[in-house]
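Shown here is one chain on its own, the form predicted alone, set out as structure tokens.
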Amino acid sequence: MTATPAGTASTLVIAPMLVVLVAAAGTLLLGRHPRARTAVSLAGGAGYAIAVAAIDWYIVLGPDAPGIATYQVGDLPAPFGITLVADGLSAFMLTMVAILGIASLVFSTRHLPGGEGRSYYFPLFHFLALGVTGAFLTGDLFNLFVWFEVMLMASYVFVAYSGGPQHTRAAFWYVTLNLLASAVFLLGVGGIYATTGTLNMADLAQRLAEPAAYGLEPVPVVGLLGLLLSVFAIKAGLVPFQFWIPTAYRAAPPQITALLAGATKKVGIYAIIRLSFTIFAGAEVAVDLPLPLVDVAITGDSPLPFVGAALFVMAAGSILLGGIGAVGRDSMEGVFAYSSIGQVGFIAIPVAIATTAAGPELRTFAIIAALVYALNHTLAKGLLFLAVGTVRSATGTSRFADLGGLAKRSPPLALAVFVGSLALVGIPPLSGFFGKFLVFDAAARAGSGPVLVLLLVGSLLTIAYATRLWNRSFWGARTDAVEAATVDPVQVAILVGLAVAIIAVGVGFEPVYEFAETAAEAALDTEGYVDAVDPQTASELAGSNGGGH
């Protein structure tokens, strides 16, 4: 194929955001026309998937793809204007959102809570997708904050969507915690601007790599990075910031919970990877910190060991607390909510290994492991939370005490949940096997026995709660609720489709690995990121404008 013109690649960067924004506006205007609203929403979802696929191929994966493309809003150059950047890392994340977003959107047309909320459900759905997409594409820290807020404002409403006392209570704590996180985020962003004089990520990476040339004192950046890390840990649901997850996940509609677990959590992980490796890895800051769980290098001239120390502790706590909590839950959504806490720990462990890796090979491999595991978590946990919605709509409950015999009542539903559960456990040839294998392999390459033991304990806990859920819900004699259940075939078809995707990723894993490898290399290619954005100085901007008026 011929090379994609630079202007075309640049336009593609903003395409997913434009599509989802138009869909949000269209569904808002059609609030009193439910059929037209649903049609516009589905068309917007399909358009979003096409736009993301175009970014994947024409910017990242195609034979003549540039690998990275930027879009300057209003044609104002960086760092003075708003920069959007699409590279391998953002494209990989957007692909996960597109897959799960389509499944959740179609599911919403079949399982939509009643009441007046129906008129604003689909606009909020698309605004949630807009916030997630903007966070993956933004090229500066302040707009990362802005897109976080867009994403969170929509999710606030969804947590309180049903309007009951427990939903209101869950929304209150969710809002309180995230408002605090937003204040800390803004404080960190302000501190970084005061310290470095810029919020553009490429410009920030450039200045931190050569602090003397810009007259900067980079040491305070480590503390400010700590503030941002705590914010991103809250978004990802890492211990000790996980306590909002069980109540929020139970309160939101299941198809939204699938997005919260499968997509919005990944925004926190993405931000940690992007800032740690693309932006702060080149900063010349001497750090000497003890690392609790791994016997690897913990000193150097980079703030990454600081990030690694914190991530190891949070990941370990997440794996143990999430796994133990899931074993003792009495409902399907309770198990999956605590499971999400534990599973995000499996994603954070290889990221922590990458921050402390002595060489570039291990660092790249560890990020690949994190991305592949994140993909599996998106597919499997999205499937399982949608399965909660299917079971609820069919039986009126998701409590183990009222379930039993679902496997005989609906074999396709049972098969889909079985595949999703096995993917969490890590059984071949499913996507979860490769994700878990790569995480274990990264820990082994790092020479960390304690981390391997931790991962093994977490895997055993996953087997325990997955087996318990299957026995209590799908095995045994049918309860009255199951006997009277009417299972929606479209909902089951969506679950089967995600199960097929899990199998397909495992069976055809090579291109998935190559995509993840491209994403990991993009995360580590600070020079390429800076060159693509090409931040200018004020004097260069004045010169390009002919010296002003």
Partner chain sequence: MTGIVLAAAIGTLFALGTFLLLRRDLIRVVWGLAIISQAANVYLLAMGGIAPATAESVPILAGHGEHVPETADPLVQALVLTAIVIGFGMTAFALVLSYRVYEEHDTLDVTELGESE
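These figures come from a predicted structure and were not determined experimentally. Positions refer to the first chain, counted from 1.
Quick note: we don't show the form predicted together with its partner chain, though the next part is all about it.
Every residue in 145, 187 and 190 with a non-hydrogen atom within 4.5 Å of its partner chain in the model of the complex? Answer is yes for this spot.
Spell out, yes or no, whether the shortest heavy atom distance between residue 244 and its partner chain in the model of the complex is within 4.5 Å. Residue 244: no contact with its partner chain in the model of the complex.
Check whether residue 194 has any heavy atom within 4.5 Å of a heavy atom of its partner chain in the model of the complex, and answer yes or no. Heavy-atom contact with its partner chain at 4.5 Å: present for residue 194.
Using 4.5 Å between non-hydrogen atoms, is residue 453 touching its partner chain in the model of the complex? No - in the model of the complex, heavy atoms of residue 453 and its partner chain never come within 4.5 Å of each other.
Counting only non-hydrogen atoms and a 4.5 angstroms cut-off, does residue 392 reach its partner chain in the model of the complex? No, residue 392 sits far enough from its partner chain in the model of the complex that none of its heavy atoms falls within 4.5 Å.
Residue (of 401, 153, 460, 444) lying close to its partner chain in the model of the complex, criterion heavy atoms within 4.5 Å: Filtering the options by heavy-atom distance leaves 153.
So its partner chain isn't shown here. In the model of the complex, which residue out of 414, 157, 321, 422 has a non-hydrogen atom within 4.5 Å of it? Only one option qualifies, and that one is 157.
Counting only heavy atoms and a 4.5 Å cutoff, which of 67-75, 262-270, 211-219, 145-153 contacts its partner chain in the model of the complex? It is 145-153 that comes within 4.5 Å of the partner.
Relative to its partner chain in the model of the complex, which residues of 343-357 have a heavy atom no more than 4.5 Å away? Contacting residues: none.
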